[in-house]
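Quick setup: one chain, the form predicted on its own, written in structure tokens, and binding and motion questions come after.
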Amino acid sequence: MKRVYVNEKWCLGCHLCEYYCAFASTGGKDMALVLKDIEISPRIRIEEMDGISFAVSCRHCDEPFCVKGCITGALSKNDGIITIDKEKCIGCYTCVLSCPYGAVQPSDDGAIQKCELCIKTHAGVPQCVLGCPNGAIVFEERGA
């Protein structure tokens, strides 16, 4: 299964992936107009530690603790992609605590949010990958 991977050596820490991610979930046509004067809430985020920048997003684990810990069944894994049913999510945040990567986050609407590889908004390549100016974020299949 294809997943999002980050090459920390190439990450500039520019945060453009965050903007492309936030824009992808809006359904808008013009990023500058849609995101102007708002605080974005991306499903990927850049962390910086000891001079190294890296992106944190859902790894769509083979054995996802977030799905196992979800008491309402709001998280499920289909075709290798972990998705959210926001109608079922009650905001208990057990999944936030269960994720070893910190990739599941509370959202503005009380539910949770995480990367779903842009399957609901853009078929194909996730927008964070397309928007990375340095090619640090890739969408590919790698051997186990």
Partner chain sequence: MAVNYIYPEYEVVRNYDRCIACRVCERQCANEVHEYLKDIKKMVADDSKCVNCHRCVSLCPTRALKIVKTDHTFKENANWSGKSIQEIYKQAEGGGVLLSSMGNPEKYPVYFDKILLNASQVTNPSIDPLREPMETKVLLGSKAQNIERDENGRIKKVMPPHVELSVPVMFSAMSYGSISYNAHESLARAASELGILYNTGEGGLHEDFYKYGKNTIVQVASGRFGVHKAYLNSSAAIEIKMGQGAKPGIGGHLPGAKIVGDISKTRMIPEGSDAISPAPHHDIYSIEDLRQLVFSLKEATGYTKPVIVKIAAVHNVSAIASGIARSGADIIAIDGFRGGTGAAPTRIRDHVGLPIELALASVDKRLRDEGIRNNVSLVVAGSIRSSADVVKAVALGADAVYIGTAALIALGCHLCRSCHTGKCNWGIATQKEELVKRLNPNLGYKRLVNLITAWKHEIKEMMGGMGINSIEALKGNRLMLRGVGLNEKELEILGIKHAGE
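Think of the rigid core as the biggest set of C-alphas that the two forms share within 1.5 Å after superposition. Positions refer to the first chain, counted from 1. As the structure is a computational prediction, the values presented were derived from the model and not from experiment.
If you look for the form predicted in complex with its partner chain, you will not find it shown, but the lines that follow are about it.
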message = Given that its partner chain is not shown alongside this chain, does T121 nevertheless sit within 4.5 Å of it in the predicted complex, heavy atom to heavy atom?
response = no
request  = Report yes if any heavy atom of D79 sits within 4.5 Å of a heavy atom of its partner chain in the predicted complex; otherwise report no.
outcome  = no
query = Wondering, does G51 line up within 4.5 Å of its partner chain in the predicted complex on heavy atoms?
reply = yes
ask   = So in the predicted complex, does any heavy atom of D30 sit within 4.5 Å of its partner chain?
value = yes
Contacts with its partner chain in the predicted complex - residues in 6-23 whose heavy atoms fall within 4.5 Å = E8, K9, W10, C11, L12, G13, C14, H15, L16, Y19, Y20
key: Residue shift check between the shown form and the other one, rigid core fit, G51 Cα at least 2 Å   = yes
